[in-house]
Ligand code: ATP
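Before any questions on how it binds or moves, here is one chain, the form predicted on its own, in C-alpha cells.
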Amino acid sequence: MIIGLDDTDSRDGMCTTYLMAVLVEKINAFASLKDYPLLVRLNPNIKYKTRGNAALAINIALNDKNNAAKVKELVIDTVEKMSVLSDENTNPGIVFIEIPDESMKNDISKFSLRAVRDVLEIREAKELLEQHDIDHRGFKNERGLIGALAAAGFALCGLSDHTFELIAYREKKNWGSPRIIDEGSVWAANAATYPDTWDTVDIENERIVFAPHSLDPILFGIRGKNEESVRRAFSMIGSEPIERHIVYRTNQNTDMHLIPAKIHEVQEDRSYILDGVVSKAPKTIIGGHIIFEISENGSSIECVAFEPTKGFRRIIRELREGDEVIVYGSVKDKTVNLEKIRIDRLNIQVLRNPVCCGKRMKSMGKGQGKRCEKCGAVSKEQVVEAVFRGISIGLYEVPPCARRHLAKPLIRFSYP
C-alpha cells in the first residue's frame, strides 16, 4: 500500500513531515516500509503553501492482508488528531493506492510532475482519484488531496533525481522556544562531510542555515547525497534533546520545478530556465534589489536578484547589454526571481569616441560627429574598443541562506 499525505500543518506550528515521522512509528505494528519515506517539494510558488510546500508518502508491505483497514483507520485517526484543522488554510488530504495498473501509473506520474511545475485545481485531483477508484480522504476544502496524490505518485513511479534529508525533531515541551544547537559542532560537521552534505552552513555569510526559525517541531535538517553522509553529520552535532529523527528520500535540490521554455511562453507562478540576451543593464531599486531585462526573438522579461541573495548581486551588477545568459527562477508579477544564472558570452566591445591628442574627442551635437578640443580634428564615427569585465563566463547561484528547497546547488552540477 502507498499512502500519501499533505496539508496537515499551519504557519503557527505543526509540520507534515513530523506527522509522517510519527505515523511511520505507529504503522510498524501492522506493516514495514518497503523504501525510504518520501518528502516531495511541490511548486514553490503556490500561494496556499505554509512554508516549503512539502507532501509526504510511504510505500509499505502489510504484515497481513487483513491489516489494510486497520492501517487506513490509523492514518485517518492520526491526521484528524494531529492536523491543525482550526487553521483556515489547513485542508488535509490522504490517498491510499493498493492495486496500481499501468494506466493509473501513467496518469498519476503526469499529475505528480505537474504538481511540482504547474498550478493545479482540487477538482483535477478528485477526478483522477475517482477515475482510478483510489481510496482517499479529504478534510475541509480537500486541497491536500493534490499533494497527497502527487507524493503517492512519486512513491509509485519513482523520482528521476533525488537527494536525502535527515530531519531531527524537538521535544514537544520545547516547541516555540529558541532552538539550542551547538554552532561549533555544526561547522565541524559541515567541514567533515561537505560536499557529500550541503546547505548546512553559509560560509560567505557566516551563518548556520539548516535550522528553521518557525514554530514547527523541526530542530534541523541535514541534506546530502546518501543516508550514510547525513547520518555521519548528524552524529557530530550537539543540540537540545531530540524526540525523534527520520531520513527521507526527496526531490529537494534537483531543479525538478524548472521548465525549459522560451520567454514568450512563461506563465505566472511557474519556474523556468530561459535563454536571452541582456537588453537593459542592471539597476538597483529600493530595498537593495537588482533588476535587469533579457530578450529573445522579440520577447523580453525582467529578472531580479533580491536583497536576501546577498553576494550573488555582485555578479548581477556586472552584467551589461549584449551579454548572453541563461536564467533560472520563478516568475512572479512578470518578473523572474533569480535562483541561478549562467553567463555564456560576455559583451566585451563598446562604442567610444576616438582618442586624439591624448584625450577623447567631444561630440559636436547629434549627427555632427566628434571633434578634438586641442587640434580641431574631426571624426564622424565612434570606434569599437574592448573593455575589461569584472565577471567570467560560468554558472552562478544564490547563497545557501537564500536557496529554495528545490533549487539545485552548484555542488550537484557538472559544468565545464
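None of these values were measured; they are calculated from a predicted model. In case it trips you up, residue 1 is the first one in the sequence shown, and so on.
Beyond what is shown, the protein has a form predicted in complex with this ligand; the following relates to that form.
A heavy atom within 4.5 Å of this ligand in the model of the complex is found for one listed residue only; from 159, 236, 120, 247, this is 120. Checked against this ligand in the model of the complex, the candidates 360, 70, 389, 49 yield a single residue with a heavy atom inside 4.5 Å, and that residue is 49.
Heavy atoms within 4.5 Å of this ligand in the model of the complex belong, among the stretches 180-188, 255-263, 334-342, 142-150, to residues of 142-150. Shown alone here, residue 27 lies farther than 4.5 Å from this ligand in the model of the complex, counting heavy atoms only. Shown alone here, residue 290 lies farther than 4.5 Å from this ligand in the model of the complex, counting heavy atoms only. Contact between residue 42 and this ligand in the model of the complex is found at the 4.5 Å heavy atom cutoff. Although the partner is absent here, residue 31 sits far enough away that none of its heavy atoms falls within 4.5 Å of this ligand in the model of the complex. Residues 114, 115 are the members of 101-117 with a non-hydrogen atom no more than 4.5 angstroms from this ligand in the model of the complex.
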